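Okay, here we've got a single chain as structure tokens, the form predicted on its own, with questions on binding and movement later.
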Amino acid sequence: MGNFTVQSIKTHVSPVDTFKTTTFVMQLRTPLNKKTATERALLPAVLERGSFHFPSRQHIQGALEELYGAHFTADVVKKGEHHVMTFRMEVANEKFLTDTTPLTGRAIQLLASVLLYPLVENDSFSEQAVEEEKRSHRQKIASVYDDKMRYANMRLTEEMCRDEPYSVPVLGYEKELDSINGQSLYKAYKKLLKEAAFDFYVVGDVEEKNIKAFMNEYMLLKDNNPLPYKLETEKVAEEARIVKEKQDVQQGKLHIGYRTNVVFGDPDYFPLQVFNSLFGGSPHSKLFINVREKANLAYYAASRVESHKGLIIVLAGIDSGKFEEASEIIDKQLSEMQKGSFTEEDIDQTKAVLKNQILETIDVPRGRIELEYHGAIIGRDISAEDWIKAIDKVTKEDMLRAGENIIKDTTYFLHGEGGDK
């Protein structure tokens, strides 16, 4: 992958001839912050409605159709305590078309137009557009309540990280929407362009020199000066807390948060990934086999690593009356893992699963970009191939060292009748 910087936009070009399309992804990263989260979560939808050069959805859609049905999406995610706005475009490669008119430059031009030349008047976005997107955004926030797994995950985060930026919801807060108007949102947009760290990825059958030329011609980002910031990722687990909430639900949601104090880039990160995969991240994991299959205590039981926050989150769907039994057997699985009650065969199987997952991920351009963006966040180039090599090197001793500092912090249980005993 070739890397260069154009006007503070770190550009990563991966010339590969295995895809018939070219994928463009622009990532804008800022610290996750309660004051800015709602405006920044709302911005992608407003920007997608039109730009100076393409002043309506219909104009943008027309431009995409001229690019042979290109796909364009935008959204926000959080990675640890980073708030990341993402713009993605996938365009056919003209080398595979009967009409060989170059499309790469036009795609970058369109992306630059939406991102850097918004449709504004008197330093304000259209009030009508903002109000319509606020209504849609309010529905998105409300929909989290209806998705009980997402809701339980949000509530665990709120309780466990209540004094940390990580507790801020990626979509922001419904009550903050009332105070947003076209002018305030445009101010937020200008502030974002000034403060965000930009990373631009291109994957496809392209030449680096052409991408650099198009970037210099179209992606004219001015006055961008992202302030370096250090995120507080180390935190000592408090005395384990249990938070229960009753709703009219058929299936209880048991979510447990653990502190690991290991984040992406740390020497123990890949040993932690292998440890977690055997604990609850794979089909042969201890949670799946012992909690779901043998004890029949859960409809599902799994765990995942929050790579940029240093957490492991266990998620289990259980009967509301099985809280004590399920919690006890989950605790036992972690304790046994920390004691080293697993074999070399378990480790080999786990590493094979993880490597296959990575290979499947990078088989799709967006997956490769997503994987390699982890390195960009910490300021290092770490390729997907580096991930596989690092996993191969993990030993049982490495896993035990990474696992010994895993400490339970908060248990959140969303339950129906019978769960509050």
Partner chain sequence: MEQLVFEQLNEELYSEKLENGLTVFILPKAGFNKTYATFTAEYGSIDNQFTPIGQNEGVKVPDGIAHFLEHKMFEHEEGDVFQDFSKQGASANAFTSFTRTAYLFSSTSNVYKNIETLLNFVQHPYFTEETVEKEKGIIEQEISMYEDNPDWQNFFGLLDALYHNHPVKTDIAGTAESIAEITKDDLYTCYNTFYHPGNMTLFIVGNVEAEPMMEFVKENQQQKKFKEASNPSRYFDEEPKQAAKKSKLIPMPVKVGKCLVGIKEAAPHRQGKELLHHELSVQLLLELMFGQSSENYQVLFSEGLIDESFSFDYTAEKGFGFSVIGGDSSDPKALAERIEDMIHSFIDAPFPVAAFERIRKKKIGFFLRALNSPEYIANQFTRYYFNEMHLFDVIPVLEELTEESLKETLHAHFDTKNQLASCIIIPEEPNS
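Positions refer to the first chain, counted from 1. For clarity, every value in this text was computed on a predicted model and none was experimentally measured.
This next part talks about the form predicted in complex with its partner chain, which is not shown.
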### Task
Have a look at 118 to 126, 187 to 195, 332 to 340, 281 to 289 and name the one stretch with heavy atoms inside 4.5 Å of its partner chain in the predicted complex.
281 to 289
### Message
Within 4.5 Å, heavy atoms only: does residue 298 come near its partner chain in the predicted complex?
### Response
yes
### Message
Considering non-hydrogen atoms and a 4.5 Å limit, does its partner chain approach residue 268 in the predicted complex?
### Response
no
### Message
Under a 4.5 Å heavy atom criterion, is residue 175 part of the interface with its partner chain in the predicted complex?
### Response
no
### Query
If you check in the predicted complex, is residue 304 within 4.5 Å of its partner chain, heavy atoms only?
no
### Query
in the predicted complex, which of the listed residues (345, 163, 223, 324) lies with a heavy atom within 4.5 Å of its partner chain?
345
### Query
Among the candidate residues 293, 238, 328, 207, which is the single one with a non-hydrogen atom no more than 4.5 Å from its partner chain in the predicted complex?
293
### Query
Quick one: in the predicted complex, does every one of 215, 259 and 405 get a heavy atom within 4.5 Å of its partner chain?
no
### Query
Can you name the residues of 318 to 336 that have a heavy atom within 4.5 Å of its partner chain in the predicted complex?
318, 319
